[in-house]
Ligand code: ADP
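Next up: just one chain, as structure tokens, the form predicted alone.
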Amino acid sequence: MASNDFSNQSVLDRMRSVRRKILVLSGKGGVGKSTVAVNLAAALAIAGRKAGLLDVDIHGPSVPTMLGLEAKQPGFEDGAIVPVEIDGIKVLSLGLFLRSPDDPVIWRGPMKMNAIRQFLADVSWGELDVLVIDSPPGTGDEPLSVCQLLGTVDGAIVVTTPQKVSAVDVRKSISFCRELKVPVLGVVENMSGFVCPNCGTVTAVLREGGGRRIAEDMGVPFLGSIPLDPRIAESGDAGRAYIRDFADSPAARIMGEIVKSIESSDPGAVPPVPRERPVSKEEQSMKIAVPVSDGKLSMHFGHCERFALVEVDPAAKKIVRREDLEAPPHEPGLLPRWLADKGANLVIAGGMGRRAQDLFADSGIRVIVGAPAGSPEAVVGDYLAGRLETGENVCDH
């Protein structure tokens, strides 16, 4: 990347076409800040906003992986860098310029500031309603550079998890924003409870309310608590924004409410023209694959006689039809691709190794393990009714 003009004026000139700049911060790492940033940008795009996503995490850029952009590279046109675009979001990250995801970025402060200056001044962002800026944890070079270069940041969202050790660092992020005259739009408490993948029940697994208490104590809005749903990690690993594929899940609905809160804080906003809402997987006709031996669910996934591919109507909670397929030869990595080609959305099994589960996630297929050895219709019927009881993974190798 090269630039002939490192003045702040070039940043301000380029940013005139971006109506709002929102910084996503966290006091600590590992709180799901990038997940929130990615899904915030996706939700804005779904709502009809012209959205951009800038990843300024120089040393650990994760946005390309979370949006499936590892093989993409920005363009170059009329002397400017052109962001990669996916699902209506313009995306830029240092990770898109690295030769390999394994390459470390060994830079000190001035080099990081110059890179961020180029991301703001030398990139053809075009007309944007909102530019979401995903910052690394803490209050160091990257968020400071963004605030200093932009001059005016329209707001910041601080992400935390419920437990005290994470929530106390929210204070530092809020104080950072106040020092730099950045309005705090609010605090998001992530990983607040666990969503059961079978029945959707949310159960507290960490101490609750840390984010809310700190927000109230510091006098800033509390935007919401996002529960921990295993499909959030699966979506990120598969390179998809969770809110697109699971739009009606508890976590996605809360993300949507957070976006509404952010929109309501913008008095100059014009009503958006919503894009066609993506139909969630729960609303689609699903195909559930069940490994079968002796007419019942097979405890050992990779060694079953056949697969029952059961098509269901999730909205009506009923089975539409069943198709039996002879199992292909047992070869590493074959079954995920084979079942994906058959249209499977979900696999219900007695046991499956972790590596196989990861391969299914890469193919966009969710996996439930520990299911009992009943007939395919009984197992699928229990799943649709929310009463499927699962035990230990009987074949976790």
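A quick note: this is a predicted structure, and the numbers were derived from the prediction, not measured. Numbering starts at 1 and follows the sequence shown.
The discussion below concerns the form predicted together with this ligand, not included here.
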Using heavy atoms only and a 4.5 Å cut-off, determine which of L54, A43, V31, A356 is in contact with this ligand in the predicted bound form. V31
Among the candidates G224, P143, P83, P227, the residue which, in the predicted bound form, approaches this ligand to within 4.5 Å (heavy atoms): P227
Heavy atoms within 4.5 Å of this ligand in the predicted bound form: which stretch in 184-192, 319-327, 257-265, 297-305 meets that? 184-192
Taking any heavy atom pair closer than or equal to 4.5 Å as contact, tell me whether L98 reaches this ligand in the predicted bound form. no
Using heavy atoms and a 4.5 Å limit, would one call T65 a contact residue for this ligand in the predicted bound form? no
Residue-level question: is A215 within 4.5 Å of this ligand in the predicted bound form, judged on heavy atoms? no
I'd like to check something about V130: if you look in the predicted bound form, is any of its heavy atoms closer than or equal to 4.5 Å to a heavy atom of this ligand? no
